[in-house]
Structure formats: C-alpha cells, structure tokens
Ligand code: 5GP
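In structure tokens, the next block holds one chain alone, the form predicted on its own.
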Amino acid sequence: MDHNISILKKQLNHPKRIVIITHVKPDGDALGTSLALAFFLKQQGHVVQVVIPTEHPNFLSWLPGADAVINREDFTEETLLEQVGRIDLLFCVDCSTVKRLGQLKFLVERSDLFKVIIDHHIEPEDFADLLFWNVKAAASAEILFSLFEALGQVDSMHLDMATCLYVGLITDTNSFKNSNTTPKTHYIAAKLIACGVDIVTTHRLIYDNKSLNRLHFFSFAISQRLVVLPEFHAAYFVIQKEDYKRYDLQMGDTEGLVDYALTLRGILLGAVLKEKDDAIDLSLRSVGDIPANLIAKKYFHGGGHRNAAGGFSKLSLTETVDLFEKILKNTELQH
C-alpha cells in the first residue's frame, strides 16, 4: 500500500487532465466513488471528467456532480475524445475487467495512458499500472476513503465528497445489511456522517424516491412473475420485454427486485432474468456460502461477489430459464 501511495503521489504532483471511468450500468458505488474521487482531484488542481459507458439509474441523478458526468452512449469514440480533450491519467473505478467497461474499453487499451484501478471485485485483470484493490472491502468507496486516509486528506473532505462516498457504502451493503459489512465499514460511515452527511435525506433519495409506475411494476412482478422452487431453496423473477413497455420502466427501475426473492423463508438464492433486445440479463443474490459469483461466471459470462453477481445469456428467454433451473438442480448449490 505504501509503495503504491508513493507512486500515486508522484502521478498527482502536478496538474493533469484526468478521466475517471466505471463499469456499464454504473450503480451507487461506481458513480458515488467516481464523483468523490473527481471532487478530490479537482481540489488538487487537476482537470477531471467522469465518463460512464452507459446511463446511470435515475435515482442517482441527484448526486453532487452527477449533472456533469459524460455518457459514452451520447458520443462516438472520436467525438468523446474531442469532448474530454487530452488525457494524462485514467482511473477505473469499481471495475477491474475490461469487458465490463463496455464501449469505454478502448481507453484502457491505449498504451500512452497511466492507468489506476480502484476496485473490490474478485480476480482483477492486469491492464493497469497501479492497483488499489481489496476484495474484503464492502465497496470501492471504502477503498477510496482508505486512500484519502493514506494521503492525509480525510480532514479536507467536504460534504459533497462525503455524501458521494456514503451512497457508495449504503448501496453496496444494502444499507449495511449484507455480509460484506464490517467494523471498518461502520467506522467509515461514522466519519462521513461527522462530515455532515444527512443520512435521512440520503436514504430517502436512494430508497424512497420511486415512480408510481415502478411501484405498480413491483406489485405485478411479485404477483405474476415470481417463480418459487422451495426444493432448491431458490426463487426467481422473469421479466419480459413487454413488461418494460407496459410499465414504462426506466434505467434502474428493476433495482432491488431480486432482494424480494430472498425475503422468502427458506430461500437462499434469488435471481431476476430480464429479457432485453440482444440478451437476457441476470442479477443473482445469495445467502451464506452459495457462490452467486461462480454461477454467473461459469454459466452467464459474468461475475461479481459471492453473494451478489450478474451476467447475461444469449439464449432465448425460455432457454435461459431452462438452463437456470438445471443449474439449481446441481446438488452443490443446495443447502
């Protein structure tokens, strides 16, 4: 850590043009940590731009600095480079595999950029010059806070930075309910609250800021799209393309649905299978030792954490459902 901090200090010892990128479909940790990092770097005199490969959920639009984020989908590769200008340093936040960068992967393939990863997912790929990685961290926000500590910059954090980091913590721990929550997580949360974070307002903006369409959709999904397989301790939702149109679903409107599967007594593995135009997206959540990340990696071209992972299938929706149920019949997944 000390060696890496020394290298990072050298990289930041004079003003640079810096770009921060995240994984596709950036969540609260990816966006919040990126924005907190951007605020910090701007404090140090750097020119900074956050670029995301795809749209972020609407419920994160209120985050400080989110209005200045560039969405790669709005630009061609050429016009994006024109927009951000010269790049001296590239940060990759909450993502350590090239494929999860989507259409931003061309940036990490550039040999002229010094690249830094800040991430907590397993099995990082070797595409960066500097890696701040800790699989035991509850969120990438936790790693960035530790960086601020190592750089002696915690006392210089302002409210916007602290709020962004706090959002990273609560979204990746499900409000400190998931097993990745540690004493360090609560220590950091306390420090951020001491900076003035309004936890009541923040939680309401993240969790109690839903559209009526989304509420109707959840009611429909629970009553009509939930499949429970108690013999396999599993439950899953199947969301069809027509459901998106029927309820006018926006980016992030299916967030949290998978957690309802795990609220059922005896269910240890929950999933949402979402039919898209070109693939079936999967979100997996599990309890205890059931390896959601290994299931996603082995069968669905994905990955993540032991109890929270995702992937996709190029099979039809029916074929994907059949495959998923066959996987459940694997005795190794039963508890």
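Note that the structure is predicted; figures quoted are calculated from it, not measured. When you see a residue number, it is the position in the sequence shown, counting from 1.
Same protein, other form: the form predicted in complex with this ligand, not shown, and the subject of what follows.
Non-hydrogen atom within 4.5 Å of this ligand in the predicted complex for each of D27, S283 and G302: Yes, because D27, S283 and G302 each have a heavy atom that approaches this ligand to within 4.5 Å in the predicted complex.
Can you check 31-39, 45-53, 302-310, 65-73 and let me know which stretch has heavy atoms within 4.5 Å of this ligand in the predicted complex? One stretch meets the cut-off, namely 302-310.
Given that the partner is absent here, does R100 sit within 4.5 Å of this ligand in the predicted complex, heavy atoms only? Taking the distances in the predicted complex, the answer for R100 is yes, it comes within 4.5 Å of this ligand.
Is H121 one of the residues lying within 4.5 Å of this ligand in the predicted complex, judged by heavy atom distances? Heavy-atom contact with this ligand at 4.5 Å: present for H121.
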